[in-house]
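Okay, here we've got a single chain as structure tokens, the form predicted alone, with questions on binding and movement later.
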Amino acid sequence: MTLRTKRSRRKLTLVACYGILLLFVVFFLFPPYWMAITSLKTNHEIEGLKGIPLIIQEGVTFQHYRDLFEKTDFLIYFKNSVLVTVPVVFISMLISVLAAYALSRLGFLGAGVIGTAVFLVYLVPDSLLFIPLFKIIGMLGLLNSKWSLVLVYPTLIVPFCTWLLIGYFASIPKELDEAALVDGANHWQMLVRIFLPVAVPGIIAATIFAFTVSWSGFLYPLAFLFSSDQQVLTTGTVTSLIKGDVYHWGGLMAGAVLACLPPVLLYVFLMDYYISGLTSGSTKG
């Protein structure tokens, strides 16, 4: 095979790779693009069947965003989402870090089996769990309270985060444990001074996962919350802007755009840590 033929094949391979990559980019970016342009269209243009739906033809309007703040309880929903997400992330990470350290380093009988069982729990779908959880939340008197989500969400988040951190902690050399024990450190000191600083990418990845689950959860808020003052973003926006068979698409898309901003910003600034944490945790677990 001549050098020219090799270069031609390499060029064709690159073109094919970029073509496939472009298809993936268009496929995954089309939903947020559609969401954004719909939120900026007038109701007349959204409801009209004429014209090109992929572009804005009648001019940009921010009326849907103004209506969202003035005619709905969007700010209350946003505040409730923050009040739910912050304690959920804190509680989930505290339990996950302690559980992962115990399962990966204390070496008690059955630790491996328990670690696998913890991950298998994560695979149980929400649609099967929300009915028994509804009963439990009802017995605790937390129905129609956003704090019910603070109690429930860690049951979804802790299994995956624990499994992820087990893999990350397992990648830390045991020589560090032995050196710390020789110096007189106890397990708490080893966890705080050795494991946590070394496992920062894994902890950040688990934290981002916990944030995403608690921020974007829909089924549990829909089942547990009834009044507007307790709703979070995902369900509050929907219930406010869907009246019977009338869908206020402009407002719904505007609410979706604003609700997406915190997770998007988190992923933009911490994407490298997230990928590093997921890949390391999944391959070393």
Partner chain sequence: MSPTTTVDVAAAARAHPARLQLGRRLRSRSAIGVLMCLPLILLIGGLVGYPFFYSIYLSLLNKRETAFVGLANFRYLLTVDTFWMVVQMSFLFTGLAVLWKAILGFTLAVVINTLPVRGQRIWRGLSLIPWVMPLALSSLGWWWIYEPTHSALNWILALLGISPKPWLSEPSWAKFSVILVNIWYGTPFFMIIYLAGLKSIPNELFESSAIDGASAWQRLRFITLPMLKNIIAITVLFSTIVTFATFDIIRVLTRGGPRQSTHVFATYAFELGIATGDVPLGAAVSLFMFPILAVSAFFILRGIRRSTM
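What you see is a predicted model; the values in this text were computed from it and never measured. Residue numbers count along the first chain shown, from 1. For the two forms, the rigid core is made up of the largest set of C-alpha atoms that agree within 1.5 Å on superposition.
Missing here is the form predicted together with the partner chain; even so, the following discussion is about that form.
Considering non-hydrogen atoms and a 4.5 Å limit, does the partner chain approach A259 in the model of the complex?
Although the partner chain is absent here, A259 would touch it in the model of the complex, with heavy atoms inside 4.5 Å.
Considering only heavy atoms, tell me if H187 and the partner chain come within 4.5 Å of each other in the model of the complex.
Heavy-atom contact with the partner chain at 4.5 Å: present for H187.
Just checking whether K146 would be counted as a contact of the partner chain in the model of the complex - the rule being heavy atoms within 4.5 angstroms.
No, no contact at 4.5 Å.
Contact of P154 with the partner chain in the model of the complex (heavy atom, 4.5 Å):
Heavy-atom contact with the partner chain at 4.5 Å: present for P154.
Can you pick out, from M93, L191, I204, I172, the residue that has a heavy atom within 4.5 Å of the partner chain in the model of the complex?
Looking at M93, L191, I204, I172 one by one, just L191 meets the 4.5 Å heavy-atom criterion.
Consider the chain as shown here, without its partner, and state which of V198, L83, L142, L133 has a heavy atom within 4.5 Å of the partner chain in the model of the complex.
Selected option: L133.
Even though the chain is shown alone, can you say which residues of 78 to 93 have a heavy atom within 4.5 Å of the partner chain in the model of the complex?
Contacting residues: none.
E47: with the rigid core matched between this form and the one not shown, does its Cα shift 2 Å or more?
Yes, its C-alpha moves 2 Å or more.
Establish whether a shift of 2 Å or more occurs at the C-alpha of Q57 between this form and the one not shown, with the two forms superposed on the rigid core.
Superposed on the core, Q57 moves its C-alpha 2 Å or more between this form and the one not shown.
CA of G19, rigid core aligned, shift of 2 Å or more between this form and the one not shown:
Passes the 2 Å threshold, so yes.
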